[in-house]
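Okay, so here's just one chain, in structure tokens, the form predicted alone.
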Amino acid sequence: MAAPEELFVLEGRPTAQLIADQLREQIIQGTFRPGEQINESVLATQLRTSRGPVREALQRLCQEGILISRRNRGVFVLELATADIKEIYAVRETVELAAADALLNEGRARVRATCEALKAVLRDMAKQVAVSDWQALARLDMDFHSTLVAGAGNTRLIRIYNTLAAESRMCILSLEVSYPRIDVLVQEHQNILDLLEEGDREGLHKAIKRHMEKGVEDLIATRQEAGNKP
């Protein structure tokens, strides 16, 4: 388990939600590695809190699928296999297509507001491409897609997508992927933005599907090169 100095610092009395949010981010960033056990008692001691909120936080992350509870063994960080990657991206595609349709149906004002938010994410993404900051790129990549989904205003789609976004970042960062197609990373997202701004529903659907397909291909290829099990 991670050393105390590597853990997040919580100010004031930590709540289960705060612990879950911070722990999720630490898992995504790789402080806790796939397959690593997270000890409730040790974590509570390191966070200087009781085991109750820690237990509740771990339960929440188990419900999200980021942690796995194994009977009589404990709680472990999810290990993502190739099949998991395919499932995550297939569901992401379904949610994003539904969100894109809902957003376009909301009218031009909602679309314009969402496009402005997406442009801000793209500007930040371009800056991180220039300095090859993979952690920041993975976060901004998912920020772009989460912003697109949020634009639809459907709270249930947003809630579903938050878990998918966390799992997607785990896919990327646990494999230490350095975006094999970094030269087209911003371009692909810009294309999705342009099609949304134009109101091209069919073109937007195709672009989202292509983007997800390429994401799966890149991740699986990287797993194979690194010798990861299927």
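All values derive from a computational prediction rather than experimental measurement. Each residue number is its position in the shown sequence, starting from 1.
Absent from the display: the form predicted in complex with the DNA. The rest refers to it.
Self-check item: the DNA in the predicted bound form: contacting segment from 120-128, 70-78, 151-159, 94-102, heavy atom within 4.5 Å
Solution: That would be stretch 70-78.
Quiz item: Out of Asp200, Glu40, Glu36, Glu64, which one falls within 4.5 Å of the DNA in the predicted bound form, going by heavy atoms?
Solution: Checking each option against the DNA in the predicted bound form, the one that comes within 4.5 Å is Glu40.
Self-check item: Contact test in the predicted bound form: Thr15 vs the DNA, heavy atoms, 4.5 Å
Solution: Yes - in the predicted bound form, heavy atoms of Thr15 and the DNA come within 4.5 Å of each other.
Quiz prompt | Close approach of His205 to the DNA in the predicted bound form, 4.5 Å, heavy atom | solution = Output for His205 is no: heavy atoms all beyond 4.5 Å of the DNA.
Quiz prompt | the DNA contact in the predicted bound form: Ser50, any heavy atom under 4.5 Å | solution = Within the cut-off, so yes.
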